[in-house]
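Taking the form predicted on its own, here's one chain by itself in structure tokens.
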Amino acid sequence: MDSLINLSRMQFALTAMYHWLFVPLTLGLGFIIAFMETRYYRTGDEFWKKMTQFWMKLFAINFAIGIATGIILEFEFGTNWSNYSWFVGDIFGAPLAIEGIFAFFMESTFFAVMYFGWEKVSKKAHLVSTWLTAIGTNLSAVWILIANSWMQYPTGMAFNPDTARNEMVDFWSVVFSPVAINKILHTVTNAYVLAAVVVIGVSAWFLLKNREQLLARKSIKIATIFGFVSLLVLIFTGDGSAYNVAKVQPMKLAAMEGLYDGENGAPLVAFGILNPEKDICEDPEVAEDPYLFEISFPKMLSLLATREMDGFVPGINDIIRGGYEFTDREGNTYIEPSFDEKKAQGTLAVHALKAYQDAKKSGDQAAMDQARTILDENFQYFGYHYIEEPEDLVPNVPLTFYAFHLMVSLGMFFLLLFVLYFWAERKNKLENQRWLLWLGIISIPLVYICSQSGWIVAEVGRQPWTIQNLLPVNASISGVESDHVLTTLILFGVLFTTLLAAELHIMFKQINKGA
């Protein structure tokens, strides 16, 4: 069973991370292209048309491969995670269906007009198609992110014991969940920053080669402004993400900061090296220090998590032991139950579900009502029944911690990069700053590392849950042979790596060819 769970997780992680290599560039580059074509429409200058067409080719390459990996990703919910799909498919499937029916067909339809219709439709119709392609691409991301956010903060639902499925009772609660809104803004602005850095890096290469000088400088000007504004929004929503995580996924926040024992006025780690000897549930009097080395900002984690300088932030051990006062996302304050108490409630809920179904078969309405009452009272911890040990609640702390701090550090680096490029372009000094041009090129792989780190924090940090508190990964998988999953994992690894290599070859060839 452990082998099947790990292989299924590896396969999904592989597909998701490859998919996210292609998607963010299209999300941001679509709007950059739309800005450029708008300039062409208003001025009639053929230079802007030539410039738009160059970047449109790079957009098209990513668009095609992103669709291929995305379709495989959605199929895996049925092939590898059928129990999950059964348990929450009525809710999770709705945003994905809307994405497929509305957003995907919208972007695909208008992409064809945008890419092939330069000489076939009017300038105005073509411009509208370009904008609708960019909007449709982002709408696809919006609906997928709504589905993902619901997994991390399930809301707008009710459990039906007759079918053992969760059913949507408030569509708008799912769509406008505060976690969903913040996650959408944070993720898409991350994609905008990535696209801006890629445009800067490619343009910097042109300047180093003394080619396409005007195209490169105009592209850098647009990208630096677009990227800088996006990064400011990204930083703002990052603060919102920390607050939401503190309220709905406190274990994730503890892993992000390597925080084992909570405290009032908790510091925010700016840089640190974790102590590999540190373990959970140690005696606080003799416990190992969680860090070998760290630089922290005093009380800043408490401010981010509670909006109070001296607010209490629970650590990993606190969350397992319980007994501290906690205020949730709805403003309800209560004493947090321990792992053992949550597991006992989850077991009560699972047994009550079985008792309800048995009573229904025998036609005992009184027993059904009694079992339903017990189920409803304990359902919020339903998934804890399937967690064996308290250690299973703790995600991979080193991976979550380092991914989070790498993401934040690179974000600050890109802020400096945008400022430097904006200054150099305004002063007409770009061509003379070869170190800055090389820095722009080097930033391309760095921005992809930053983007992938964000997804690692979001997904690894919420383990072991597929649905927070309701369904862990070990209860979500399909009953398939682990050898079959291993085979498809290897095949997907080879296929996606080949697609990535082909994409990079085509991209480099197109960039070398120029406009």
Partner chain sequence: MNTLHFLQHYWWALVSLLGAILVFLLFVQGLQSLLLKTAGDKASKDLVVKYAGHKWEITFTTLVTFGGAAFASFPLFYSTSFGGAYWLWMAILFLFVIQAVSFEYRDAAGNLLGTRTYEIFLFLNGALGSFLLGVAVATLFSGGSFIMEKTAITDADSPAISYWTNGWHGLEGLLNPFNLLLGLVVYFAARTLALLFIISKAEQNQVPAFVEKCRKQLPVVAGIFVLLFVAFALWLCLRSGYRSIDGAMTEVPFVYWNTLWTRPWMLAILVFGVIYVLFGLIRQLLGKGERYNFYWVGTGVILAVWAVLMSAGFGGNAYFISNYDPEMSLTLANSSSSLFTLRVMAIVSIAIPFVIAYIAWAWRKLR
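Predicted, not measured: the structure shown is a model, and the values here were computed from it. Numbering follows the first chain given and starts at 1.
Heads up, the form predicted in complex with the partner chain isn't pictured, but that's what we're talking about next.
Visitor: Which listed residue (R434, R426, K354, K123) meets the criterion of a heavy atom within 4.5 Å of the partner chain in the predicted bound form?
Guide: The residue in contact is K354.
Visitor: Consider the chain as shown here, without its partner, and state which of F418, F110, W150, F404 has a heavy atom within 4.5 Å of the partner chain in the predicted bound form.
Guide: For this set of options, the contacting one is F110.
Visitor: Looking in the predicted bound form, is the partner chain within 4.5 angstroms of a heavy atom from every one of K57, M168 and F171?
Guide: Result yes, every residue of the spot touches the partner chain.
Visitor: With a 4.5 Å heavy atom cut-off, would you call D45 a contact of the partner chain in the predicted bound form?
Guide: Taking the distances in the predicted bound form, the answer for D45 is no, it never comes within 4.5 Å of the partner chain.
Visitor: Indicate whether S129 is a 4.5 Å heavy atom neighbour of the partner chain in the predicted bound form.
Guide: Close contact exists here: in the predicted bound form, S129 approaches the partner chain to within 4.5 Å, heavy atoms only.
Visitor: Hey, in the predicted bound form, is V485 touching the partner chain, heavy atoms inside 4.5 Å?
Guide: Yes, contact at 4.5 Å.
Visitor: P267 versus the partner chain, in the predicted bound form: is there a non-hydrogen atom within 4.5 Å?
Guide: It does not: once the partner chain is placed as it appears in the predicted bound form, P267 has no heavy atom within 4.5 Å of it.
Visitor: For the chain shown here without its partner, which stretch in 404-412, 96-104, 186-194, 255-263 has non-hydrogen atoms within 4.5 angstroms of the partner chain in the predicted bound form?
Guide: Of the options given, it is 96-104.
Visitor: Which residues from 482-500 come close to the partner chain in the predicted bound form, meaning a heavy atom within 4.5 Å?
Guide: Contacting residues: H484, V485, T487, T488, L491, F492, L495, F496, T498, L499.
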